[in-house]
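Here's a solo chain for you in structure tokens, the form predicted on its own.
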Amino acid sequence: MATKLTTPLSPLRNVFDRGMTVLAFGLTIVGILPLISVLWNIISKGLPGLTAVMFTKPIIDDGFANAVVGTLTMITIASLLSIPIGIATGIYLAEYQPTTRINRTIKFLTTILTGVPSIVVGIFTYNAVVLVSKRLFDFSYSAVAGGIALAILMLPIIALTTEEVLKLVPNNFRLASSGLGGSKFQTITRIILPAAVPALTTGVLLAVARGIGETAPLLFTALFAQDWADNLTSPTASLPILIFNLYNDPDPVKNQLVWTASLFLLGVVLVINLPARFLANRNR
């Protein structure tokens, strides 16, 4: 009797499965179309203006070399600040009394920080760094302030990624190290972290990819400069702010510079994301 009831439903289920597959595929195409449109627009408008001169001259001379250097400088400062602190925070959350109230509080605050709008981080850094440095050290907008703002954005990504990655390391590693007389510090530094390096690298690269494309925090911290920055404590150009500032410029040369800078920034983010995705897939 059961066989007679299920047999007529079988073709119906096949039709439903195929229909849902077609629907899912169609919606995927619809979702990809805006991305393809954006990519095509940037590539078609940015590629004609891509010349070697742009990588050697500052914005004032119709290049964007100073913006590239400024972006790399600030992301380096941000990485030097956020990577050690983020990894240390992740280690504490994963390895040191993960069920205590202080641990839960730190994780809660770190999770909240991931959702804070970047412009709020920019305003905070402006008040905490730019205004304070102006009063105490006689400089205000700077690459240092921009790097600190980007570090605040990158920090929670690295910390939470580190925590999740360390939790995936088999507990047998810890037990074996402890059985051989290793301390907790030795177990973490010599066993756990080396085993998690590929996945940790993925989290760091994703955080860098986010930081390198941020605009709002740099408006309040690094400002902008048409020429080369004098030092780390002076206003500094960056690729996102270049695109923001010059997009409505009526000068066709400046307008072309915007599209070419967008193409270059897109390429940098892609170059950072590809190794991250490769490492993530390899560790699954």
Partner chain sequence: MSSPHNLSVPTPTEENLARRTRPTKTDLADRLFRYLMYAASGISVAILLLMGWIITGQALPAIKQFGLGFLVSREWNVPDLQFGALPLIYGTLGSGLISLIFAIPIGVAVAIVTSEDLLPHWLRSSIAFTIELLAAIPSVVFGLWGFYTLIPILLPLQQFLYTKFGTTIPLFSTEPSGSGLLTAGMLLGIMILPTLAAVSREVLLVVPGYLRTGSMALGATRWETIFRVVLPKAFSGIIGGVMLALGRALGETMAVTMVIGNAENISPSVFSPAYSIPAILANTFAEAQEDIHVGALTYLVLILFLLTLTVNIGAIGLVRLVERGEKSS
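Every value quoted in this text rests on a predicted model; they were computed, and no experiment measured them. Numbering follows the first chain given and starts at 1.
Omitted from view is the form predicted together with its partner chain, to which the following refers.
Among 170-178, 71-79, 194-202, 112-120, the region lying within 4.5 Å of its partner chain in the model of the complex by heavy atom distance = Result of the contact check: 112-120.
Assess the spot marked by Phe55, Thr99 and Ser140: is its partner chain within 4.5 Å of a heavy atom from every one of these residues in the model of the complex?
-> Checked in the model of the complex: no contact with its partner chain for any of the three.
Given that the partner is absent here, does Thr162 sit within 4.5 Å of its partner chain in the model of the complex, heavy atoms only?
-> Residue-level check for Thr162: no, no contact with its partner chain.
Find out whether any non-hydrogen atom of Leu219 is located within 4.5 angstroms of its partner chain in the model of the complex, and reply yes or no.
-> Judged by the heavy-atom cut-off of 4.5 Å, Leu219 is in contact with its partner chain in the model of the complex.
Any of the heavy atoms of Phe244 lying within 4.5 Å of its partner chain in the model of the complex?
-> Within the cut-off, so yes.
Is Val208 close enough to its partner chain in the model of the complex to count, meaning some heavy atom within 4.5 Å?
-> So Val208 does not count as contacting its partner chain.
Could you spot which one of Val253, Ile60, Leu47, Val30 gets a heavy atom to within 4.5 Å of its partner chain in the model of the complex?
-> Here the answer is residue option Val30.
Does anything in 140-168 come within 4.5 Å of its partner chain in the model of the complex by heavy atoms, and if so which residues, in order?
-> Read in sequence order, the residues that approach its partner chain (within 4.5 Å, in the model of the complex) are Ile152, Leu155.
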